[in-house]
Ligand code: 5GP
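Single chain ahead, written as structure tokens, the form predicted alone.
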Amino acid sequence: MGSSRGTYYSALKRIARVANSPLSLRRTCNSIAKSTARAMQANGCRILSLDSQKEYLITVGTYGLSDLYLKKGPLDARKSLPDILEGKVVFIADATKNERVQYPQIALTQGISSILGVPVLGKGEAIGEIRIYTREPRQFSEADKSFLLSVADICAVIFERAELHHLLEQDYKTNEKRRKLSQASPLPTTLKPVSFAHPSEEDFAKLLDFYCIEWLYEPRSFPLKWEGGKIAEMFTPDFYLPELDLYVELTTLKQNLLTEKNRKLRQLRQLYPEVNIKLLNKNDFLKLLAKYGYGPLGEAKVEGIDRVLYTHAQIQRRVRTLARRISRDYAGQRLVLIGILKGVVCFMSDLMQHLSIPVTLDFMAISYYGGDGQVVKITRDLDSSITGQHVLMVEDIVDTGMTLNYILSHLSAHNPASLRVCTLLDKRARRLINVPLDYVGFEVPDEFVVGYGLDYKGEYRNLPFIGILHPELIKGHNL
């Protein structure tokens, strides 16, 4: 089975016209999915984008697939045909029996047999996928694969155009309404073409974006009742928060709606006891944020934060990644970690817990004198000799590089076997001396950041996240 080259050529012409139209991202991708499935004589097509954390796949266009199949659960990029995001074309002969398929049981109930998936590549990296589904077992030809890759190239342009539009829109909003919570978004979320059913859901999403909490809107439908072997009732929670492994259903104070939702939640918990779900009104959600140290009901330590740059979960994921790289690079060796008090304490503590090699710790303390902050004085030196040792200098943040350059020169004089630098934050925009950085957590903008050990006038070190201090608090302060 397969379409002729003439059919594919005609389909590509239609797809190109749609791609160049003023339609929304969702409508554009739905139209492309329809043309693609029909040209390939397939039962369904799904266009997916990779979220900003590169952990989940979000549907941006679909054709021919049931609502139950689309909302079977969040698609984990590491579990759902992961080879596609490595740039490979993936063919699954039987989706009900292949371990690379995340939900084989749902594929069985929905009659999905064969799957063909290709990556959507942007600047050499996977930013999404296109998947073709058939109900009958199917072998795909090279012409089929070539056609689908051509469609993926068109989708890559559409994705990047949508992202550029989003960035320009966010930049405009930031300039116009910078101090309003509803418009604050430090890191644009990648391709979330969502039409919310209620304004409260949009407000909820904006609040999640402000705190950099990743979310998926209506990602899964749970069957609650069956009649005659068919699903008679389903429940679709409003949001899923992957970092918290939590489904959230929003509600108003209307008693009739609240009673019905509570009934469905009781059924869901009985049928799916492993699912963590909460029914929240606005006050409930603010209390939930406060539990994690966020939001207006959080502790006073959050006051003065303009916006959250990196959440605690994001930091921990990055720290684990750095620790794995360091452990691999120093395999079979002992390592001395050296930090400058006090800002590095949180980072150093978390980093060493994830290292799988023997380590020892040492600390230094410094002060500045001369009135201009450019001259460094060591007030506490190392307790032990580092001569002949492998040394990793651990920093909380590197900006101008002047202090780090001085410290590295001081340590080099002790003749260590090797000397490298690991920093959680790199404020490259402030660099005056080009010091070598071997391991970097995040590159941050030229703004005053606090939290996770970083302070302003001795405060904010105990924040669980890294945030940007409100500009009014640091007027006249030299960053």
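Start at 1 with the first residue shown and count on from there. All figures in this text were calculated on a predicted structure; none of them were measured in a lab.
Not on display, but discussed next: the form predicted together with the named molecule.
In the predicted complex, the named molecule stays beyond 4.5 Å of every heavy atom belonging to residue 127.
Using a 4.5 angstroms limit between non-hydrogen atoms, residue 427 touches the named molecule in the predicted complex. By the criterion of a heavy atom within 4.5 Å, residue 47 is excluded from the residues contacting the named molecule in the predicted complex. In the predicted complex, at least one heavy atom of residue 400 sits within 4.5 Å of the named molecule.
Note on the partner interface in the predicted complex: the residue among 56, 442, 63, 448 having a heavy atom within 4.5 angstroms of the named molecule is 448.
Considering the named molecule in the predicted complex, the lone stretch of 402-410, 138-146, 319-327, 83-91 in range is 402-410 [heavy atom distance within 4.5 Å].
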